[in-house]
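Next up is one chain by itself, shown in structure tokens, the form predicted alone.
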Amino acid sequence: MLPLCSLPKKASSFLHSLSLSLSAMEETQIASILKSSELYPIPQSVKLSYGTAGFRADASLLESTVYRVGILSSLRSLKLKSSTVGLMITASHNKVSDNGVKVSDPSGGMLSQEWEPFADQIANASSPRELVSLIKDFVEKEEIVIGEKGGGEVWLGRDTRPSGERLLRAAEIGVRSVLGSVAVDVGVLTTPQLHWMVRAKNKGLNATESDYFENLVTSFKCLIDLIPINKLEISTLVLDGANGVGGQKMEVLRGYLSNLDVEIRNTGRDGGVLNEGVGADFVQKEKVVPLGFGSEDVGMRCASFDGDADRLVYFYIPSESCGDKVELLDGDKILSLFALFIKEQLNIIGDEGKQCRLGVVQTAYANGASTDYVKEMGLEVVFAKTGVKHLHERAEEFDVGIYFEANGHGTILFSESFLSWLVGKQKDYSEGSDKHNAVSRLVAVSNLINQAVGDALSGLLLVEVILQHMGWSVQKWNELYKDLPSRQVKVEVPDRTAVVTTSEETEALKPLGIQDAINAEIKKYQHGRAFIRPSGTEDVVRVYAEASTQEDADSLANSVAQLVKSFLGSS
């Protein structure tokens, strides 16, 4: 441990001036944090907030933040009895000059929302003294014991960004500044790989990257083997890897899969820039082909990952006359395909399968046509606040909960009790029977899909095996329903907090009267739907509108935007 004499005189004086309970935090612990935090002074005029995406900013501003999140991760591990916690360095679909950091809880899910205020506080602490005081108070409040029964364990992953290695070193120093804590560098990974590995480790399972690949391959092959022979159809998939880590990991995975013909473009090995004119976020928002795709791909089944491979969208170019425009199959279409397949298996099982509570979780941004389609299947649909952490929480309420945002981030959750029931039924039903095969498919899906977090690699494999099972082309899949035209706009306002919505964000509670005015506008349009919500990051109010034609959707969005201005004013 660092001796007190190694500290600067001011820091040493500060240390002795603190009134400390040594059972909560020993002097050597405070000395360690004071010393290491001097290496990473906080940039001036930078204020960061921890959200669904963790902290994100220009990479040059993040060393102090990542260092401090390293400390938080160690404390989180200690709080949870030295369970392994994950720390991922990525900015997902952001430009390559950005980076970010987020924490995976031992469950493989996102950092508990109860800890987000503490994350904000320590990230923005203006000095080592303030940082130590915040940590001391938090440790005492949470009753975290440091240094008595070993330390925390934090697994560190990063994507392919050039700044990642430097930031990972800052994270290591942060983790190790908490007495006894261990930082394990698990290398360059997709974000979902790290979440999966953390979850597996804490469940006592094999948890290396090789185990992740083996799990995907075994489950995929099981589902392939259960496809009726007369439905089997294999055609080439063309994948846009966003010039990021996902394309490179797919190259590894492809080597194990004989039943998947995939051509991978934009791997980042040919000079392409991460997320620049490529990737799921670009394709989903712009509805145009990514770089490296063109007229030679007309009619081909194509897919895009985002930079850290936690988002997935599909697309195809309908004809050369469409130029660079694509037919997009977004998260809503993926959700619908998954729901259809799982419902089919439950129907095969019969009355017992129908007792399973299968539900779908969407946000208000989900296209209304997708919601109608799922409801027509007889499934329960609930809405959650924007942000996958909110959808994940609602999905846990079901025996099988499927959630996706339109941006392509989502997954399927299976309750432990339902999985146990399925495993038991595998023994009850005669092998090779329709019911046995249906149960086996559901078990394989539970293993293939990444239940920790949205995962483009596992999601892609599940889409591909379902299309083969159905004998469907991407065009046939796209015919499940036709998206309603929509429009999103944002309105700059003096104070976005003046807008208060329901928890599902589908209706505005404040300002008083605005929802009645919005409803009056909606009634003017066939299949009209609109809502407003305050931005989480800037002083704007976001408006979403749908209608039967694009012209009507545009008109409704503009009308609602004018209502926002009249009720709140504009800045």
Ligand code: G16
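Rigid core (definition): largest C-alpha set, two forms, superposition within 1.5 Å. Here the structure is a predicted model, which means the values were calculated and not measured. Don't overthink the numbering: it's just position in the shown sequence, from 1.
Absent from the display: the form predicted in complex with this ligand. The rest refers to it.
Inset, instruction - Tell me, yes or no, whether D332 is in contact with this ligand in the model of the complex, where a contact means a heavy atom of each within 4.5 Å. - result: No - in the model of the complex, heavy atoms of D332 and this ligand never come within 4.5 Å of each other.
**Prompt:** Using heavy atoms and a 4.5 Å limit, would one call L156 a contact residue for this ligand in the model of the complex?
**Reply:** Close contact is absent here: in the model of the complex, L156 is far from this ligand, nothing within 4.5 Å, heavy atoms only.
Discussion item. With the partner left out here, check for me: in the model of the complex, does some heavy atom of D98 sit within 4.5 Å of this ligand?
Written reply: D98: no contact with this ligand in the model of the complex.
Legend entry - 4.5 angstroms heavy atom contact with this ligand in the model of the complex for L61: Result no; L61 lies far from this ligand in the model of the complex.
Q | Contact assignment for this ligand in the model of the complex, among K201, R487, K249, K102, heavy atom within 4.5 Å | A | Contact residue from the list: K102.
This ligand: the contacting residue among S74, S458, N266, S92 in the model of the complex [heavy atom, 4.5 Å]: Result of the distance check: S92.
_Within 4.5 angstroms, counting heavy atoms, which one of the listed stretches 305 to 313, 339 to 347, 250 to 258, 219 to 227 is next to this ligand in the model of the complex?_
Result for this chain: 305 to 313.
Worksheet item: Are there residues in 53 to 80 with a heavy atom within 4.5 Å of this ligand in the model of the complex, and which are they, in order?
Response: Heavy-atom contacts to this ligand in the model of the complex: A53, R56.
query: Quick one: core overlaid, is L34 moving 2 Å or more at the Cα between this form and the one not shown?
result: No; that C-alpha moves by less than 2 Å between this form and the one not shown.
Point to revise | Rigid core fit then L48 CA moved by 2 Å or more between this form and the one not shown | key: Shift at L48: below 2 Å after core fit.
**Asked** Can a Cα shift of no less than 2 Å be assigned to E505 between this form and the one not shown, given superposition on the rigid core?
**Response** Comparing forms between this form and the one not shown, the E505 CA shifts at least 2 Å.
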